[in-house]
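To begin, one chain is listed below as structure tokens, in the form predicted alone.
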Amino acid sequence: MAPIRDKFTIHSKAIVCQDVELKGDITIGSGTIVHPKATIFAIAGPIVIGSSCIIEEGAIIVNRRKEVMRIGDDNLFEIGCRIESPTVGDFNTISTRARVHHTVRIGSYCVVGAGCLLVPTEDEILDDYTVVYGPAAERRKWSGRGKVQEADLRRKHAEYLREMLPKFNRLRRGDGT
């Protein structure tokens, strides 16, 4: 097997800490924030991360498929989560220590609760507004109420991180694309 060639395209308005482990063909969109100690591995195919995502420390994003792994806009990947899903829509939250297998495709406005394990044997699609919770990874639909407040809170979170992360961490410079 040929070695993985590193090619990083980091938007000039993205904040990516120097202490992030990046491998493979990775594109990071405008306004996305990647905390130190996060890991992004494009093993088989490239990873394209949309704008305004927050990837917290210890989060692991891996693409094991040959197809492009597309992550939409405004997603939150919390501390210690692991995601291998080939597609992730917009405005999702992958909570602390949650794990999503490469057979799951995630729609938009979904929440995978803390410590949940999504590892189906066959391909599965999480429909929009699905909430996965509990040790048995039970599911329910979210009505969408509070969506505006959630967006405001996430925007303030990103604002705070844009101000604080550069004060205490070295940053990787974008290539201006």
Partner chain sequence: MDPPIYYSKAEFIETDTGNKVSRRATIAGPQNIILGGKTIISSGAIIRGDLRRTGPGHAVVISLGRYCLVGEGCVMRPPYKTYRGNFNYYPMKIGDHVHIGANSVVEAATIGNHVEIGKNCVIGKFTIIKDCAKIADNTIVPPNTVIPALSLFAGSPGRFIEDLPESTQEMVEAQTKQFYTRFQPLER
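Numbering follows the first chain given and starts at 1. Quick caveat: nothing in here was measured; it's all calculated off a predicted structure.
Just so you know, the form predicted together with its partner chain exists too; it's not on screen, but the next bit is about it.
Exercise: Gly45 in contact with its partner chain in the predicted complex, heavy atom 4.5 Å
Taking the distances in the predicted complex, the answer for Gly45 is no, it never comes within 4.5 Å of its partner chain.
Using 4.5 Å between non-hydrogen atoms, is His157 touching its partner chain in the predicted complex?
Looking in the predicted complex, residue contacts with its partner chain include His157, since a heavy atom lies within 4.5 Å.
Under a 4.5 Å heavy atom criterion, is Lys147 part of the interface with its partner chain in the predicted complex?
No, Lys147 is distant from the partner.
Check whether Val104 has any heavy atom within 4.5 Å of a heavy atom of its partner chain in the predicted complex, and answer yes or no.
So Val104 does not count as contacting its partner chain.
Which is the contacting stretch out of 139-147, 66-74, 117-125, 50-58, given heavy atoms within 4.5 Å of its partner chain in the predicted complex?
Going through the listed ranges, the match is 50-58.
Listed by sequence position, which residues of 69-98 have a non-hydrogen atom within 4.5 angstroms of its partner chain in the predicted complex?
Heavy-atom contacts to its partner chain in the predicted complex: Leu76, Glu78, Ile79, Thr96, Arg97.
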